[in-house]
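First, one chain by itself in structure tokens, the form predicted on its own.
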């Protein structure tokens, strides 16, 4: 019978908490960069200009259809060779997940924008709004409410995908768990604790997202 012993995990809990903090920081940076990148790509894709829509389409397809681990390795190992720049694990991870998130968010934004009746944009133009004003004041506020569930689901997927950064020695939660498992010879306890930390964190984020979504639905009903 295997005897569970979490005392080494508790004694080194600060390492796992530091890893969780790094995971959350990387996820936050990728979201902060990925959302505006996604919006820019979506608007470029929807524009009537081939010079904007074609490159945006290539970026979206490349980063949506290639494995994130390959993208991470390319940024970490390939980019320094191509551009002769120094690349840290954090910078490679931040670039990878920012652009990858932007590609996925672009499709979410595009679907949300297209779902808004085009007549509303035309009505806004008829009363003197520019295309940019109509997009900012009329289309995007409605689209965001429809996109919110998909965006939150993608954000949660991003947090789980960041576990790949352990392969380039970025000290996220999985990396710290692996180091601690080797140090304490208690892999079952360590990875169980890490899994529980992911479970609690993602469940909390999901609960907050559900609360925000309900409030948005209520405010939408009141506005009607």
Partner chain sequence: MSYRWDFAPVLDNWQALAFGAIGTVRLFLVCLVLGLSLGLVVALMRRSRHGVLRWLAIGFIELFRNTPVLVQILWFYFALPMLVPVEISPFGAAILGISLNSAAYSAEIYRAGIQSIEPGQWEAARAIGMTGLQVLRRIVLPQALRRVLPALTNRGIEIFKMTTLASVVAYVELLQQGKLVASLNFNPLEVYTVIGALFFLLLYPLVRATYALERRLARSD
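Predicted model only: the values in this text are computed from it and were never measured. Numbering follows the first chain given and starts at 1.
Omitted here: the form predicted together with its partner chain. The next part is about that form.
- in the model of the complex, which of 112-120, 129-137, 143-151, 80-88 comes within 4.5 Å of its partner chain (heavy atoms)? Of the options, only 80-88 has residues within 4.5 Å of the partner.
- Query: Can residue 184 be called a contact residue for its partner chain in the model of the complex at 4.5 Å between heavy atoms?
  - Reply: It does not: once its partner chain is placed as it appears in the model of the complex, residue 184 has no heavy atom within 4.5 Å of it.
- Message: Although the partner isn't part of this model, could you tell me whether residue 65 comes within 4.5 Å of its partner chain in the model of the complex, counting any heavy atom of the residue?
- Response: Yes - in the model of the complex, heavy atoms of residue 65 and its partner chain come within 4.5 Å of each other.
- Task: Using a 4.5 Å heavy atom cut-off, state whether residue 26 contacts its partner chain in the model of the complex.
- Result: Residue 26 lies outside the contact set for its partner chain.
- Flag residue 53 as yes or no: does it have a non-hydrogen atom within 4.5 angstroms of any non-hydrogen atom of its partner chain in the model of the complex? Because no heavy atom of residue 53 falls inside 4.5 Å of its partner chain in the model of the complex, the answer is no.
- Item | Residues within 4.5 Å of its partner chain in the model of the complex, restricted to 1-40 and counted by heavy atom | Contacting residues: 2, 4.
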